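Next up is one chain by itself, shown in structure tokens, the form predicted on its own.
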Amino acid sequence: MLKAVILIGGPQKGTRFRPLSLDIPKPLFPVAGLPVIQHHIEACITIDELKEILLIGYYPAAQIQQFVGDMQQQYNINIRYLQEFTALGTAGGLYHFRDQIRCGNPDAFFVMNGDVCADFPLQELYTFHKQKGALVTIMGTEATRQQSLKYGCMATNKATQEVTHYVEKPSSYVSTLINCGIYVFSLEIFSTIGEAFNIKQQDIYRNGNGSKETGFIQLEQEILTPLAGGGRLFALQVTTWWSQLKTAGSAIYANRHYLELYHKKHSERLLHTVNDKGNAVCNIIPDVYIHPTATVHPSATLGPNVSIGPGVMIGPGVRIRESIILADAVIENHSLVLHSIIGQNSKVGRWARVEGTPSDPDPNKPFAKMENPPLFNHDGRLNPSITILGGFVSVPSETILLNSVVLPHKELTRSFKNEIIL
């Protein structure tokens, strides 16, 4: 029997994802028509031995419970949300809920960060973990030399794939093999985390430093780094797609790849030019996902890489490309939406243009990942990125919104370029 743990963080996290995370908890933000962590759940249910999925985070239970109930019903698997009393770090949450994870004595358990998007090769990872008799197996992928400094870097023995050295966000180059935030753990890991916990408690007791949080344990620095070179930590390098979901721009990138994966696993989710009844839907440039409750005029042109949420209304002659339109938004006649995210219940008026700048990885660099730049550059100017409308925003007819971020509940009166509209 196996289990899976998805670490979803809490409201203080995901600040770079604002204003989208103001309305929807970041783990529930829809990418390719599904909440981000539903993609994790779908990967988990492909493994027959996996009997339970635990979500660990410090969001208020009220924000997560409805989603958990829906998932249990849809996939017929036991899913529970375990709410931390405070932020406990990537290993602290595992240790705090160790009895819940160990219950039923699973052979091993997966741990997945809620903010990663990937073609999750969980079966391959577990098979590798068993073959190596590992305590911890990390899914790794290659990054560019420069970008590797922003991730956990691993040096491995090429013959055995044992991790001999692990550094989280090193100050100088270590390796281009980076940690994807997807693991398999054997149950003995809890004694290793327990040792780290006890050392921390003794240190606080000795030094009288009461302000330090004893339960806060970081998996990467406090567990993986000391384990490296001990013969129990291994890395499986994969070449499949993987990305982090840190900024709104990375959601557009993830949307494209998840839509592409639907060809392989869920082709019924992709919209084709003609529906089941043989009627023309609209002009489609693949890949496009449209929720069944959305209304799209047949003269609209959507794609490539567009996701339309529930209750959305799209008028005649609308053109949408590389964008996510959230629930109950209205895109009126002949407007244009490019490289943008339109928030729920927002409205784009007739003949308006909403456009952002794609922030994709550099196509000329092999293994390049998303850059996820900060909102502002060194001069205090807004970095060009996708355009984001928060929820309940109104864009007037015949206006242009370019490379801008609009906070929720705003009614614009004119065109904007490179601005944050507060």
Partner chain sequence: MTYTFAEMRALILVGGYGTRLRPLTLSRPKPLVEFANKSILLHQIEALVEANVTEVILAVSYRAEEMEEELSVEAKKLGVNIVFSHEVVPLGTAGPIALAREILQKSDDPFFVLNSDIICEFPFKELAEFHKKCKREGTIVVTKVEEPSKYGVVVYDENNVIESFVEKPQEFISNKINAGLYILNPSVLNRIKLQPMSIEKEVFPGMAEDKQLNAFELEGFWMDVGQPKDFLTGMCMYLKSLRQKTPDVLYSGVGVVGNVLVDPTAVIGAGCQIGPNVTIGPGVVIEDGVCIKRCTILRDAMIKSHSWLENCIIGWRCSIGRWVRMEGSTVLGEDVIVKDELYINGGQVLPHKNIAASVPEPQIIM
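Numbering follows the first chain given and starts at 1. Worth saying up front: this structure is predicted, and the values here are computed from it rather than measured.
What comes next is about the form predicted in complex with the partner chain, which does not appear here.
With the partner removed from view, the residue among T192, S335, S323, T156 that has a non-hydrogen atom within 4.5 Å of the partner chain in the predicted bound form turns out to be S335. Distance criterion of 4.5 Å from any heavy atom to the partner chain in the predicted bound form singles out W351 from the list Y173, W351, Y205, Y75.
When contacts are defined as a non-hydrogen atom within 4.5 Å, all of V318, E355 and I400 contact the partner chain in the predicted bound form. Screening 327 to 335, 180 to 188, 96 to 104, 249 to 257 for residues having heavy atoms within 4.5 Å of the partner chain in the predicted bound form returns a single hit, 327 to 335. In the predicted bound form, Q123 stays away from the partner chain, with no heavy atom inside 4.5 Å. With a 4.5 Å cutoff on heavy atoms, T301 counts as touching the partner chain in the predicted bound form.
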